[in-house]
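A single chain comes next, written as structure tokens; it is the form predicted on its own.
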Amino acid sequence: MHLATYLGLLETGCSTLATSYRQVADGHRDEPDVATLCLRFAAECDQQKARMSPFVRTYGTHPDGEPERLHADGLAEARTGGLGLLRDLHDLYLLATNLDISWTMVGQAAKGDRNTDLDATVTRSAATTEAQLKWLTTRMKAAAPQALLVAD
């Protein structure tokens, strides 16, 4: 059974995204919406990881070192300026997309295994990640013209 591989990806993905949201919130405190929502999203990622704990105990995590090979690095530090904000939001979007597709894969496995508890947990968490992706898209659209067309 390889479900543990994707549970490991979710576990690592939630932690990486939470840490990255906190870095962006701290690095872009001058953007109140970014700082506030990134901190809220970081807490949501922590909650997602906590909700997966019972399933990680049941199915395990990280067999064969596979997640290490597929691991997505988080942000090392927040960038500065308008272009820096846009690139940080873009990085968050990519990390959230990685998490989103992992929710999809685990959700399909939960349906196949008829594990309604896991399916419900994944459905709830995937909805949260989807909402984060929508906000990131909207915020990047708002920031792009200024960041890309006006010099700092």
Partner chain sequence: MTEIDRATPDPDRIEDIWGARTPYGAGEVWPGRVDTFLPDGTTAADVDRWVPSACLLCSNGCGLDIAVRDGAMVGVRGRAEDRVNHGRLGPKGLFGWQGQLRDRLTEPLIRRNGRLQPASWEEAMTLITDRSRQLLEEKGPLSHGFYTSGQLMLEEYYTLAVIGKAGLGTPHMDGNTRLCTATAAAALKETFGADGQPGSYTDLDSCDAVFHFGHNVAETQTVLWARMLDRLAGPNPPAHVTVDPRRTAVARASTVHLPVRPGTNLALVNGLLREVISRGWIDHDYLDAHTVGFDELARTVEAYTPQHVADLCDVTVRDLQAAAEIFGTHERVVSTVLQGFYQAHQATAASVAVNNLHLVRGMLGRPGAGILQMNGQPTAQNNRECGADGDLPGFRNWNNPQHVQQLADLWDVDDSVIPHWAEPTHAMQIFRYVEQGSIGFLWVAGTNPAVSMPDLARIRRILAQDSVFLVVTDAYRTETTEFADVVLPAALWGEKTGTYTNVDRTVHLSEQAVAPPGQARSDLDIWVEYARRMGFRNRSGQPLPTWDTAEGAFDGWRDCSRGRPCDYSAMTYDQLRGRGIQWPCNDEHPDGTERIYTDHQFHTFDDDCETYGHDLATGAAVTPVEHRAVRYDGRARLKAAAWTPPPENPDGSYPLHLNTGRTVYQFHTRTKTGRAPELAAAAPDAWVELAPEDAAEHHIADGDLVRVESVRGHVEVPARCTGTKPGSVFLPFHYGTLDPSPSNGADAKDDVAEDSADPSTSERPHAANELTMTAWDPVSKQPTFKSGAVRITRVDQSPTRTREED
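Numbering follows the first chain given and starts at 1. Predicted, not measured: the structure shown is a model, and the values here were computed from it.
What comes next is about the form predicted in complex with its partner chain, which is not displayed.
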### Message
Tell me which stretch of 112 to 120, 98 to 106, 51 to 59, 34 to 42 has a heavy atom within 4.5 angstroms of its partner chain in the predicted complex.
### Response
34 to 42
## Note on the structure
Partner-free chain; cross-checking its partner chain in the predicted complex, the single residue of 18, 143, 25, 9 with a heavy atom within 4.5 Å is 143
### Message
Since only the chain is shown here, I'm wondering whether residue 82 would be in contact with its partner chain in the predicted complex (any heavy atom pair within 4.5 Å).
### Response
yes
### Message
I'd like to know if residue 150 sits close to its partner chain in the predicted complex, meaning any non-hydrogen atom pair within 4.5 angstroms.
### Response
yes
### Message
Where, within 111 to 142, is there a heavy atom within 4.5 Å of its partner chain in the predicted complex? Residue list please.
### Response
131, 134, 135, 138, 139, 141, 142
